[in-house]
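As a starting point, one isolated chain is supplied in structure tokens, in the form predicted on its own.
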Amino acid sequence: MLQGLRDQLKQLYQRWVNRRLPAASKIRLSNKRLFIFPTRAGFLFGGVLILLWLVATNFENNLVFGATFLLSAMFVVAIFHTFLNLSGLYVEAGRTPPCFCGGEAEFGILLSQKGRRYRDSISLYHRSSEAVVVSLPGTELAEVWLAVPAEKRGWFEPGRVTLETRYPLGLLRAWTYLDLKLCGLVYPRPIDAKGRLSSTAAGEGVDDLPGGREDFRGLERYRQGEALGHIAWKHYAREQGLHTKHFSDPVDEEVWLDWDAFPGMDAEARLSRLCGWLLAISSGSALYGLRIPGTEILPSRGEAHRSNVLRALALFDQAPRPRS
């Protein structure tokens, strides 16, 4: 029963936070968005102040009265310094590179300000990650990378993150909850697969790639601007005209990353093994394509093609991106 009551209070609190702090890709920390409360050290400090006041009153000791008032003034001044360390700060969503399932998604968050106010010891953290501490010592912009564990493939939204500070004395904590519409792409968890790739040999219809450096293709008449090192000087010496030598790189095979290569496995197991195959062959010279239900990507190679294949694996049977 106690646990049920606790869950209800937590839900009520979350609904209140969602109404008070709506989501936005860029947020200015105004008074409405900030909260402040004494820390454990702050409560102990307050207890010491009460004890000093009782001692000063009981013994009518002016020195203890003076120390009590001085420490009380420090506490009041610390309230303003702690609050102003966050007030007026702009927080904006930055870049989020893709990652693999089982790793950490790194979300870029930009902190900026107008003016050159000194801001120190600002912490940013997610409920499942460690805090990142950043300072703006008179500068106008700082970039923070927040690493959050990625446990599922597809679009990953970490939800709200917490921004807080306890500067300068650690007696008070000022904080806010941020929903910056963060969203990152998570690729399947790569698994080394044992099996045979579906391939086509170069002699079975796959042409060599021109513009290479390995195999000699033949001579062609010289065109203005071609490299002098490729000119066939022996032919020119025989008065056979000015020609250039052209080479090509052989393509060993076309490789297909095929869904049907793993019969009997569930979708996630197949995607993980296809991802492992992709990482193994993408650094080579082979052309590779992808065949999964509903998607076919023709064989090619290069960084852009690799990203397209990884994206197709990550978004297989997934809903569209939830928010921009």
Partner chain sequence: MQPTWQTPRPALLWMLISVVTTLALHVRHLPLWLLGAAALTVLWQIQVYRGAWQYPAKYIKVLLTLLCFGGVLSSYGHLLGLEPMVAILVSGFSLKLLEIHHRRDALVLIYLAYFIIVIQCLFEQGIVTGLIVVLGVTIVTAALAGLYQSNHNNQTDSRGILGAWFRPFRSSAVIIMQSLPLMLVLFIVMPRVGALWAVPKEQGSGVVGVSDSMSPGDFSDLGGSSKVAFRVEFEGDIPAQSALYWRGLVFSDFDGRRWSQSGSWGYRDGSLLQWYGDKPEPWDSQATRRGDALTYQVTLEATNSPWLFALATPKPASQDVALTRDFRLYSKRPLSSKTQYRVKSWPDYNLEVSGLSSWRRKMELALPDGFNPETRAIAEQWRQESPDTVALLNRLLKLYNEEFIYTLKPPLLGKHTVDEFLWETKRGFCEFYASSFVFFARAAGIPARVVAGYQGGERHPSEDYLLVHQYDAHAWAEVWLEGRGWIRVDPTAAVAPERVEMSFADLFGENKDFLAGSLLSLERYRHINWINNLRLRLDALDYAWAKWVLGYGNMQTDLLTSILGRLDPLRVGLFLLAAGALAMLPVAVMSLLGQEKKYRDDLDKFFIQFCQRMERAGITRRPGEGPRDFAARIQSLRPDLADQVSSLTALYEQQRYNTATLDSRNLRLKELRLKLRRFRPYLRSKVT
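For clarity, every value in this text was computed on a predicted model and none was experimentally measured. Numbering follows the first chain given and starts at 1.
Another form, the form predicted in complex with the partner chain, is not on view; read the next lines as being about it.
J.: Looking at A280, L298, M265, V48 here, can you tell me which has any non-hydrogen atom within 4.5 angstroms of the partner chain in the predicted bound form?
T.: Flagged contact: V48.
J.: Tell me which of 151 to 159, 174 to 182, 108 to 116, 124 to 132 has residues with heavy atoms within 4.5 angstroms of the partner chain in the predicted bound form?
T.: Within 4.5 Å of the partner lies stretch 108 to 116.
J.: So in the predicted bound form, does any heavy atom of C99 sit within 4.5 Å of the partner chain?
T.: No, C99 sits far enough from the partner chain in the predicted bound form that none of its heavy atoms falls within 4.5 Å.
J.: Just to confirm, A261 within 4.5 Å of the partner chain in the predicted bound form by heavy atoms?
T.: Result no; A261 lies far from the partner chain in the predicted bound form.
J.: Heavy atoms within 4.5 Å of the partner chain in the predicted bound form: does S87 have any?
T.: Within the cut-off, so yes.
J.: Though only this chain appears here, would T244 touch the partner chain in the predicted bound form if you measure heavy atom gaps against 4.5 Å?
T.: The answer is no: T244 has no heavy atom within 4.5 Å of the partner chain.
J.: Could you pull out the residues of 73 to 103 that have any heavy atom within 4.5 Å of the partner chain in the predicted bound form?
T.: In sequence order, A73, M74, V76, V77, F80, H81, L84, S87, G88 come within 4.5 Å of the partner.
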